[in-house]
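The chain below stands alone, shown as structure tokens; this is the form predicted alone.
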Amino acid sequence: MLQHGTQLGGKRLRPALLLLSGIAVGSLGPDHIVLGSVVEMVHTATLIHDDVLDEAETRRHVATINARWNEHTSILVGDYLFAQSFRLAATLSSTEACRMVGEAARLVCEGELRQVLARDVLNISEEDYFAMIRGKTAELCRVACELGAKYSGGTEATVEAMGCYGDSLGVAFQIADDFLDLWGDDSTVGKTLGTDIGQGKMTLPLIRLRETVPAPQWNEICKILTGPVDDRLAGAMPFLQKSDARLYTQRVAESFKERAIRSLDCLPESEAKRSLVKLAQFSVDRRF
């Protein structure tokens, strides 16, 4: 069951960020490998729990644990991975990593809770949206980069800069996901388009649409967004296409990508730094 669960992950982005941050700042040691495993376990646990919340049957073209077994099993496997990740982090000589990962896991759960409680709430602000995605997506990227730098002997300023890089990259990545859910291609995304709108999630394009259309038109859109799930995407898309929501979402994602790249100015030139730059570009460019 655990072997199946590990197939649900994709790019192994968070451990890659941790190792690349470590190499870019100094040199790697055995602790980096342990920490890379820890952050990936936490991430995989959140994915397994996400699939229960979303009632998802597949992830990356593989049957989810809740689809192959059941929801009770999924919850327990996710809990098992959380527990194992903290046990593994506690084997390091310092408790600092355990504290940092624990705080990151708390913020991830907080971000997910915010999103669940905000379903079908159409008046959430852009500030609320960023708070949600910073928790559910960006937080583990941030802590991965901070841990990589810290365990390579980085200064406090360097560790902070790497955390800023991870945070900005994670936000850009999630905004691009939200863009792709509306304007992507099924074969590229690996899931059915319109999933977010069907689940009542107010993503950045919809928030921008709300802020830029006249009130009577927004009232008409609200009826679509709270109407039959299967009709929401087709009903909302003409309004989205007429607005600047698509361009605005691209522009905001690009701004976070550029912020991530600027955060790397503190690092000397190296292959690892160039890889981190390419990852920031990849987080957005491949999706638009």
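Please read these numbers as outputs of a predicted model, since none were measured by experiment. Residue positions are given as counts along the sequence shown, with the first one as 1.
The form predicted together with another copy of the chain is left out here; the points below concern that form.
Asker: Tell me, out of Ala157, Leu113, Val121, Ala215, which residue has a non-hydrogen atom within 4.5 angstroms of another copy of the chain in the predicted bound form.
Answerer: Of the candidates Ala157, Leu113, Val121, Ala215, Leu113 is the one lying within 4.5 Å of another copy of the chain in the predicted bound form.
Asker: I need to confirm a contact call. Of Phe173, Phe179, Phe82, Tyr129, which residue comes within 4.5 Å of another copy of the chain in the predicted bound form, counting heavy atoms only?
Answerer: Result of the distance check: Phe82.
Asker: Hey, in the predicted bound form, is Glu103 touching another copy of the chain, heavy atoms inside 4.5 Å?
Answerer: Taking the distances in the predicted bound form, the answer for Glu103 is yes, it comes within 4.5 Å of another copy of the chain.
Asker: Using heavy atoms and a 4.5 Å limit, would one call Leu76 a contact residue for another copy of the chain in the predicted bound form?
Answerer: Output for Leu76 is yes: heavy atoms within 4.5 Å of another copy of the chain.
Asker: Given that another copy of the chain is not shown alongside this chain, does Ser94 nevertheless sit within 4.5 Å of it in the predicted bound form, heavy atom to heavy atom?
Answerer: Taking the distances in the predicted bound form, the answer for Ser94 is yes, it comes within 4.5 Å of another copy of the chain.
Asker: Would Trp183 show up as a contact with another copy of the chain in the predicted bound form if we use heavy atoms at 4.5 Å?
Answerer: Flag for Trp183 set to no.
Asker: Where, among 85-93, 121-129, 138-146, 162-170, do residues come within 4.5 Å of another copy of the chain in the predicted bound form by heavy atom distance?
Answerer: Contact-bearing stretch, as computed: 85-93.
Asker: For the three residues His4, Ala56 and Arg134, which mark the spot I'm curious about, does each lie within 4.5 Å of another copy of the chain in the predicted bound form through at least one heavy atom?
Answerer: No.
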